[in-house]
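To begin, one chain is listed below as structure tokens, in the form predicted on its own.
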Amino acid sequence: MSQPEPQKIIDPSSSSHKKTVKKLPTPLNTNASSCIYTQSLAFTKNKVSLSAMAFLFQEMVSTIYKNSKTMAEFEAKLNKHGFGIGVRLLELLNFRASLPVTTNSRSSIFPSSSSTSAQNPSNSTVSASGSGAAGGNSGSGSTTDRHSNGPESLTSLINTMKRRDLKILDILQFVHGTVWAYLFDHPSDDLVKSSERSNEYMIVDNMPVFTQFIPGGVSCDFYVCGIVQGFLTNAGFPCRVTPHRMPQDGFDRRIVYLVQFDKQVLEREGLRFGSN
């Protein structure tokens, strides 16, 4: 009776059927301090290079322009890009505006709602230009431990968030002050109520940042219109925002953003607070 042959041990290094294994890329370090998910929601002022921002904006405008058949389509696409940013800014800035005003927690460029004056006469300036400090960076690059100690401290801050603005004038003052300061490092230059139509307000920017290196008309300003429109719509104030170039007092690039609220917004405010 013949014995079974002993099994041969195959050395992987000498096998002719050796498989090639691709080296997988090293996974990203999720614990990196630069990860967006580990950043505090409190005030952290991150400066962005103006030249880099202008380059990216110009490339975005160029790409949208090449893929648009008409000027109306181009403006609508720019508005849509800004709209998404405005929607996301609502909760973030409302949360940050609820933080205690300390030297380490709030930047001086975020004016409080009480720092802007309210006037109701038609065609009058609702908030004086320059209200709220602008350009200051004290305390803007650090946060207190209370704001970044984990879910417990974050939950306590969320529970004490201020209520959203319910009046047209209040939400527009928030855009004029806090939103503009967050985007452009200064409040808008003016906030005016129309004397002809009750649903129209105007936000004035004497020196628009995004379009200062782009010559031509106001089509590129529809990007900022989208940001404002997205913010107001998500806050419960559906509207339409359009840009209009109106040079004045040496400001050749002065832009007036015309905000036209839907009829339902005025009806709701009349029922809740009474007619002005």
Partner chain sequence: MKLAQALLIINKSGGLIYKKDLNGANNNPGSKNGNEYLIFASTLHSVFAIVSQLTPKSIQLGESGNSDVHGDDIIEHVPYIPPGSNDELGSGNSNNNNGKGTLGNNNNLGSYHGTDFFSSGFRSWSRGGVRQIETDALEIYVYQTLTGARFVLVNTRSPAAQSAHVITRIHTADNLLRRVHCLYGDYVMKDPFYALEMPIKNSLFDAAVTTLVAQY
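Treat the numbers as computed from the prediction; the structure is a model and nothing was measured. Residue numbers count along the first chain shown, from 1.
Keep in mind that the form predicted in complex with its partner chain is missing from the display, and what follows is about it.
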Q) Are all three residues Ala76, Ile85 and Val241 in contact with its partner chain in the model of the complex, where contact means a non-hydrogen atom within 4.5 Å? A) no
Q: Could you confirm whether Arg253 comes within 4.5 Å of its partner chain in the model of the complex, counting heavy atoms only?
A: yes
Q) Is there a heavy atom of Cys225 no more than 4.5 Å from a heavy atom of its partner chain in the model of the complex? A) no
Q) Quick one: is Thr70 in contact with its partner chain in the model of the complex, heavy atoms, 4.5 Å cut-off? A) no
Q: May I ask you to state whether Cys220 is within 4.5 Å of its partner chain in the model of the complex, using heavy atom distances?
A: yes
**Q.** Within 4.5 Å of its partner chain in the model of the complex: residues from 54 to 71 (heavy atom criterion)
**A.** Ala54, Phe55, Gln58, Val61, Ser62, Tyr65
